[in-house]
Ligand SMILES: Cc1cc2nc3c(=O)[nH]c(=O)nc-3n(C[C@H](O)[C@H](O)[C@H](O)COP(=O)(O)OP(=O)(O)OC[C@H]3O[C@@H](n4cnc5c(N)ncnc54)[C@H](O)[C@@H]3O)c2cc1C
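Read the single chain below, which is given as structure tokens and is the form predicted on its own.
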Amino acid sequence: MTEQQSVIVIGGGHNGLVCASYLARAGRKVLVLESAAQPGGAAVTREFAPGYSVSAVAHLLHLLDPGVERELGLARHGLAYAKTGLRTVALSPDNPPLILNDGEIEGGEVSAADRLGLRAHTARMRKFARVIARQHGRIPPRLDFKSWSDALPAAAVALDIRLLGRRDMREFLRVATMNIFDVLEEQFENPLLKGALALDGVLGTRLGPRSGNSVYAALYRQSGSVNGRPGALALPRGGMGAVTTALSAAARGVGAELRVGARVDEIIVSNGRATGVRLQSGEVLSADMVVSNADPKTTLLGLLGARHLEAEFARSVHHVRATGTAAKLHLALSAVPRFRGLTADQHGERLVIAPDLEYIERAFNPAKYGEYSPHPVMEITLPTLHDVSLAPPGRHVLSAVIQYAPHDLKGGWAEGKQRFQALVMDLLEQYAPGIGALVQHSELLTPADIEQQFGIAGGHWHHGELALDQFMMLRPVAGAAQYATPVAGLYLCGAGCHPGGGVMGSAGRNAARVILGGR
């Protein structure tokens, strides 16, 4: 080891940048290697048509670790919000839309019981989500306790659940493993309300409303906050790339070096220890340790290679569920589209197409068999209504997440992409008549495109399914759940680690703590 330990971080996504910042602040000599022309990974803002820019993959910020935001001074490095506290507008093809705002319902034909029920449901889910949120900044407990200190993290989790109180503890343990379909059916009558709430349990996952873990996925999504407001949604000014631009500035500000256009082909192992990397160009870079922000499969089976791992461990990594079903649609528009039933000021909110629980479940069914949904669900934003910098004057951008579009499409996306985009546009036309005539340019990113463009195995945004068997001490697999891998000097810091995906930064911060010897 050198006196000033050198660290190579593979991948300049948000977690890699966070990890690099904390390591550099602690005196490590850090080099971040990013294969793309700009750091940020999938959390970048990029031009997809002349003059039109959009958040490439994730488009709403709701999980950014407030500790990371504060400690790295992201506001000082330029992070600002074009809009916070977006409401969710549930669109209907036949009835007035519902507007959900912090547990309250605005408009729509909803019973008094459902209005009261939503307040209680929101309060309960946020209370449960706080249990999950408390785990984000913790190093997961070990499955095999070697000392009393190893048992403390597990005891902390149990205490968090116990402090809910007897009634809420029982309810938390009951619903955490349930499917969100049954939970919502127990509590509400209005189909449109149930559909909007269920969407949060399946968005970005390979789950339907009747799938186990969909309640956990919903709680995970609600475990973040923006400006101290739990469960809030925000649009960063300048798109999601504003977050990673601020993180890049923070990393450079504490001495980390960022190198773009540097694709890593191999992690070099000498005498059982990671000692550096080989770039695609053939250049070899040495370091005292290597930290990978890439997903676990890419890191351990691709860059490292199974030959350096025990067979059972390699098999566990191979079986990590990380197959994406979420596509991303970008439209460059000549004017603001008009969605049925919405006033002008409501178009800038989070718009969702998820009319009822059965609709979402039927949309999911084809994905089980490698087929895209003929009637998908969608989360839609028009960010230019709050941030005019993303399009030419008077023009607009539409950004939509579309479920379900399986990575492993039968027949392949080369043939299916155009047909899927056409049916998505047909669906949008039902809700926003005339939108097709406004389209100047379009871009559809399938999970296969996301895999190819951003180097994420399976095209799964979270680098691994959000599920209780891929959670905390089991994420990504036992034996690599505390960020260290079985290979000495090689660590993981990406979304495939605890706590998971979303533009959060907690995994990068936690990994740095482990590397620096903290718990």
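Start at 1 and count along the sequence shown; that's the residue number. Because the structure is predicted, anything quoted here is derived from the model rather than measured.
There is another form of the same protein, the form predicted together with this ligand; it is not shown, and what comes next is about it.
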| item | value |
| --- | --- |
| Listed range touching this ligand, judged in the model of the complex by heavy atoms within 4.5 Å, from 46 to 54, 31 to 39, 483 to 491, 466 to 474 | 31 to 39 |
| M289, A246, A262, I132 - the one with a heavy atom within 4.5 Å of this ligand in the model of the complex | A262 |
| Candidate from L184, L303, L398, V424 lying within 4.5 Å of this ligand in the model of the complex - any heavy atom | L303 |
| In the model of the complex, I450 touching this ligand (heavy atom, 4.5 Å) | yes |
| This ligand contact at I10 in the model of the complex, heavy atom, 4.5 Å | yes |
| V68: touches this ligand in the model of the complex, heavy atom cutoff 4.5 angstroms | no |
| Contact of N293 with this ligand in the model of the complex (heavy atom, 4.5 Å) | yes |
| Residues within stretch 61 to 79 having a non-hydrogen atom within 4.5 Å of this ligand in the model of the complex | H62 |
